[in-house]
Structures are given as C-alpha cells and as structure tokens.
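The structure tokens that follow cover one protein chain in two forms, given apart as structure 1 and structure 2.
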Structure 1
Amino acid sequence: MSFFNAFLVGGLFCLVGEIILDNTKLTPGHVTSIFTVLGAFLSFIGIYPKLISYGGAGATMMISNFGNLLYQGSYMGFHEEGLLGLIGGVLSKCGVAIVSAVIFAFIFALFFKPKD
C-alpha cells in the first residue's frame, strides 16, 4: 500500500505542475519556485509532515520537500539559537542534498557535452 500512496502523492504533485505548465505562460523555473514556496507553506501550517507520513517517497522526492526542509531547518535553528539561528539553520537540513547536487552536476558536466 505504501507504493500506491507514494505514487498517488507524487503523481498529484506532477499533475498540478503539468496543469500549471499547460494552462499558463509560466516557465518550469517559475513552477519550481512555486512548489518550493508551497512546500514551505504546507510545512508551516503542519500539512507537509502528514503528507510525508502518508506518501513517503512520493512527498520526499519532490521539489516541494526542499521548501519543507528549508522551513524545518529555520524553525529548528530559531528554537535553538534565536533570531540568528533562523538565518543560520536554513541550510542545516538540506545541505547534504545541495552539496551532492553540485558535485554530481560537476561530474556529469565532465562526461557529457551540451548540444548546440
């Protein structure tokens, strides 16, 4: 059942993204930003952690989870260190993902050349 729930949640996010791309003049970069902010907002109101517990990988593999992690890191930093921790804790939960994305992008750029 967990595979079905992950497929349902991930598919719902993809469906919303495709509807936005097909019916508006927004670019994929705009939609990425919208989903990141949406993930942070859903985390703020307490829905995203419930979505993760229901959908598992279907919710954690989406770009909206990046917004969730940004919010969670800021929230945790604020409670541990106050206002300065709000700024410093932003990347504490998602730093590994950012560093690995940069490293893998560099490695793939070494082996693959873009087409003209």
Structure 2
Amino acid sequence: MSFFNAFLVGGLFCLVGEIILDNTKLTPGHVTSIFTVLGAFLSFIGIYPKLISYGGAGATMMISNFGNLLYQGSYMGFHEEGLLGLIGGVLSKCGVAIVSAVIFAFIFALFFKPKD
C-alpha cells in the first residue's frame, strides 16, 4: 500500500509542476525554485513531515524535500546549538544531497565528453 501512496504523492507533485510549467511563461528553473521554497513553507506549517509519513519516497524524492530539510536543519539546529545552529544547521541535513550532487557532477564532467 505504501508503494501506491508513494506513486500518488510523487505523481501529484509532478502534475502540479507540469501544470505550472505549461500554463505560465516560467522556466523549469523557476518551477524547481518555487517547489523548494514551497517545501520549506509546507515544512514550516507542519504539513511536509505528514506528507513523508504518508507518501514515503513520493515526498522525499521531490525537490521540495530540499526545502523541508533546509528548514528542519535550521529549526533543529537552533535547539541544539542556539543561534549559530540556526545559521549553520540550514545545510546540516541537506548537505548529503548537495555534496553528492557536486561530487558526481564534477567527476562525470571530468570524464565524459560534452555534446558536439
């Protein structure tokens, strides 16, 4: 059943994104940025953790989970380390995703040839 929930939640995220992309003049860059901010907002009002417990990978694999992790890292950082945690904690949870993306992109860019 959790597989079906993941399908539904992930699919709905992408559906909303596609509708925004098709009916406005926004580029994919705009849409992904909007979804990241939206994820932070949904996390702030307490909806995103519920989405994750309902949809599992459908919510954690989306770009909006970046926003969720950034907010959670900042909020929890404050409770662990105070004001410095509020600043430094922003990247504490999301760091894995950002650093792995940087590493893989760099290595593949070095070893593969660009188009043309």
Partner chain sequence: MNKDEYQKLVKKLEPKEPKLRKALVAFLVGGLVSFIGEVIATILVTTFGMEKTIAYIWLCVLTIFIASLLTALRFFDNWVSKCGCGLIIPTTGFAHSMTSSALDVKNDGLITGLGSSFFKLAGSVLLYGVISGFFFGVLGVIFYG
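Between two forms, the rigid core is defined as the largest C-alpha subset superposing within 1.5 Å. Fair warning: this is a prediction, and the values are worked out from it, not measured in the lab. Structure 1's sequence is the ruler for residue numbers, which start at 1.
Taken from the form predicted together with the partner chain is structure 2; the remaining one is not. With the core held fixed, the Cα of residue 45 is displaced between the two structures by less than 2 Å. For residue 82, a C-alpha deviation of 2 angstroms or more is recorded between the two structures after rigid-core alignment.
When the rigid core is fitted, residue 110 shows a C-alpha shift of 2.5 Å between the two structures.
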